[in-house]
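The chain that follows stands alone, in the form predicted alone, written as structure tokens.
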Amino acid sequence: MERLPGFRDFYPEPLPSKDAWSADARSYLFDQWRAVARRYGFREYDGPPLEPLELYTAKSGDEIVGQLYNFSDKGERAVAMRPEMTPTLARMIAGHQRNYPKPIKWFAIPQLFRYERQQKGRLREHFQLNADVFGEKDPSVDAELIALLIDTLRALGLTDEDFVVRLSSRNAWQEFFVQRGGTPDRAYAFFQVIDKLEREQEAESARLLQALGFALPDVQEFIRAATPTEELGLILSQLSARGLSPYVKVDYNVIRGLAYYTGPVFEAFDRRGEFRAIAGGGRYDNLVKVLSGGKVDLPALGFGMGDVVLMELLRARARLPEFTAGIDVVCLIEDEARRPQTLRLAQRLRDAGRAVEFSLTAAKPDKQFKRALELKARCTAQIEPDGSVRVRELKARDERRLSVDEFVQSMTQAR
């Protein structure tokens, strides 16, 4: 029986095939995501993978239903597997924001589901880092969030030669739209055309813009000039003060197709242009108000960073570390009469926080030692007839004799 199309199995390394997904790499990625988010003072949250369908249609319209895993449950409720985390978060914030001091800085690592056509960098499920801030309008918070995005990628070994954050503004585009006679009934269609400029044929973009009362050369000149608005200028200034200027540039090609963005928006791309966007986000100051029926009005901003494209990029740039079983000690049992002593030693080492393996059944010494080499253990430990421990460091290839207490103490202090 095979897994469903667009879904993944995650295997411990070494991987059974070149196209298999690594559970070790996923754990490494999650550890880095959590570590950097916590350095920035973000707190972790989570929510249910199944939500009312209305939560997503209220945010994105009925057209999103075709992209969802949705059904009626046994209570005849219209529900959907979560395709994104922001609506769940906005629901949680709207219900309990009074319990938290502002600004609220939260992150999550949800698994998300979308029933859509598979393509490079996009599957029907993925994991994603979501980081969001509620309750602060000042652009300094936008700079803080973009710095978090940059530092998250830097923590994975990527540099300014590997990626760039393209910074834009829905406010700048809105001003462009209004100054050239745009009317509210055409705004959504206009932004959709702008969002697809880099993926659409130029002639088709020109035709669509002309139908809305705009000229493609005017749009192209606005993008080429890349004049920062006041809010973008402040963001750039604060990123420069942190030494992060090489990682960011103003690029009005970015507009973010989702209708709820209201201010600065940004996307991270690899410099070589080989992959889809690594991450994307921006301000969505109206979403909490919409989902709470006008009862709660909080400014908000956030970004999402998916694991599929990011893992492809890390593999392509050879930025993933070597993954092993992480075993500190393999206890060898040459004489079964000493198994009880070995079990006590193994338990003490595990109580001290060390990762320990040993043969659960009688096995030849050379087979046990071969297993230690396969696991890339740090050392082997063998109880001798006199009760001492013979320790062999596998990398240094040296041996020493210690008492059980001395060995446990040395492993307790080891890093």
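For every residue, the number given is its place in the sequence shown, counted from 1. It should be emphasised that the depicted structure is a prediction, and the values quoted were computed from it without experimental measurement.
The protein also exists as the form predicted together with a small molecule; that form is not presented, and the subsequent description refers to it.
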- Message: Just to confirm the contact call: exactly one of 71-79, 234-242, 302-310, 201-209 touches the small molecule in the model of the complex at a 4.5 Å heavy atom cutoff, so which is it?
- Response: 302-310
- Would residue 281 count as touching the small molecule in the model of the complex under a 4.5 Å heavy atom rule? yes
- Task: Spell out, yes or no, whether the shortest heavy atom distance between residue 262 and the small molecule in the model of the complex is within 4.5 Å.
- Result: no
- Query: Given that the partner is absent here, does residue 88 sit within 4.5 Å of the small molecule in the model of the complex, heavy atoms only?
  - Reply: no
- Message: I'd like to know if residue 274 sits close to the small molecule in the model of the complex, meaning any non-hydrogen atom pair within 4.5 angstroms.
- Response: no
- Check each of 116, 195, 136, 160 and return the one that places a heavy atom within 4.5 angstroms of the small molecule in the model of the complex. 116
- Partner-free chain; cross-checking the small molecule in the model of the complex, the single residue of 333, 248, 123, 298 with a heavy atom within 4.5 Å is 123
